[in-house]
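Starting off, we have a lone chain in the form predicted alone, written out as structure tokens.
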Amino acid sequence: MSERIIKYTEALKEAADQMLAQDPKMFIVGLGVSYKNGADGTTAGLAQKYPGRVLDTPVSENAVTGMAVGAAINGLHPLVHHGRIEFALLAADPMFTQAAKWNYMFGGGNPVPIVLRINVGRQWGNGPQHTQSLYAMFGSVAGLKVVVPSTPKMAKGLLVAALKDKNPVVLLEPRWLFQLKENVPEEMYDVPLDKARVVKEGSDITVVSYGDGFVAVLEALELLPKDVSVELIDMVSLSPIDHDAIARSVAKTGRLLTVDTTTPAFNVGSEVIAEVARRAVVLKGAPQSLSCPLVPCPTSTALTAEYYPTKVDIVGTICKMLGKPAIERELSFEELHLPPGRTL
């Protein structure tokens, strides 16, 4: 079978297209989703293909999300798109208090099959108010399933699985990855919403990450000394976290590094390390965590160059944990500041 290389955004669009064709109860709402290049291209052309089912909305996140939650409670299958996580927070009540809790409050027989696509994270020049991720905030909400697609193939499979699920599912989509390309099957498929992926097996150290942090680790592996054996885990799900898969890996390697592209306080890596400690997994050294500084993301490229963990930072941390000398590598402007457009 020949390869079919498409972008992350194209994979999301294809998943929505195939599910709209299969599920007559599904519809899409969000600011600009009916535009020519709607939602960064992830809904482009769908309004014309499915009249009345891909609906542009006013700038009223709380009202639109609340309407969609009500529609889900009454048997429809809405997909809500929020282009920025900061504005999605205006819909905290319908997401966190209504959708996440409804089925629990009414005996378990009242599902809320809603999917929330929320764009998160870094983007060149977007500064403190438009680069937040807030992964831990969403992951801590009981009643929500929360996943982070790290590759185009995972983006399509996770969105299909989310749209088939009877529970509220949040896809936190790092916009930094939108230009990534990968061989993605054309047929419809889904992947589990609650399972981590062991992307590379190894014996020296377990590295756990997700989203754009995961892609940074992939790049770091290309710079590591050949005698270093890394086991790489893509978490996929932040709620629930697949702690069993992580614990099995760390028990094998004896070392753990987590990589987050958000601030260090109360982040996902902290939760991973805490659970490894609770399970009393035997370690050969103290676990380490790489993340951003505990300050808002700056706008200036002179400052953002020092903000996010880079592939060189990751390699340096791994080498230090293994007692090996750090590598000398100066990153280019493109490597530091432009989103990856590589083919995985």
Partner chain sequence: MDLLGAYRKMFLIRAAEEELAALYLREKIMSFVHFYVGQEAIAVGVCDQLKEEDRVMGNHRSHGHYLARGGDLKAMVCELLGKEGGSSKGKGGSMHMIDKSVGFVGSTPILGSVTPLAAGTAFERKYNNTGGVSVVFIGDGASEEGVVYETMNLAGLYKLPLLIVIENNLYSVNTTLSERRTAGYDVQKVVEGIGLNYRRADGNDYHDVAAKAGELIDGVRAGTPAVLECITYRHMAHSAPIMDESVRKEDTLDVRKEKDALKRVRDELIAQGDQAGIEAAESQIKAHVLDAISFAQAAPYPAKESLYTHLYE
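Numbering follows the first chain given and starts at 1. Not measured: the values here are computed from a predicted model.
Beyond what is shown, the protein has a form predicted in complex with its partner chain; the following relates to that form.
Contact with its partner chain in the model of the complex, judged as any non-hydrogen atom within 4.5 angstroms, is confined among 241-249, 115-123, 138-146, 206-214 to 138-146. Here the marked residues G66, Q98 and W102 all reach its partner chain in the model of the complex, each with a heavy atom within 4.5 angstroms. Distance criterion of 4.5 Å from any heavy atom to its partner chain in the model of the complex singles out M26 from the list M26, A47, V312, C319. Checking S270, N167, T253, Q132 for any heavy atom within 4.5 Å of its partner chain in the model of the complex turns up a single hit: N167. At the 4.5 Å threshold, heavy atoms of D93 reach its partner chain in the model of the complex. In the model of the complex, at least one heavy atom of P111 sits within 4.5 Å of a heavy atom of its partner chain. For the chain shown alone, G70 is a contact residue for its partner chain in the model of the complex, at least one non-hydrogen atom being within 4.5 angstroms.
When its partner chain is considered in the model of the complex, T301 lies well away from it, no heavy atom lying within 4.5 Å. Contacts between 35-68 and its partner chain, taken as any heavy atom within 4.5 Å in the model of the complex, involve G52, R53, L55, D56, T57, P58, S60, E61, N62, A63, V64, G66, M67.
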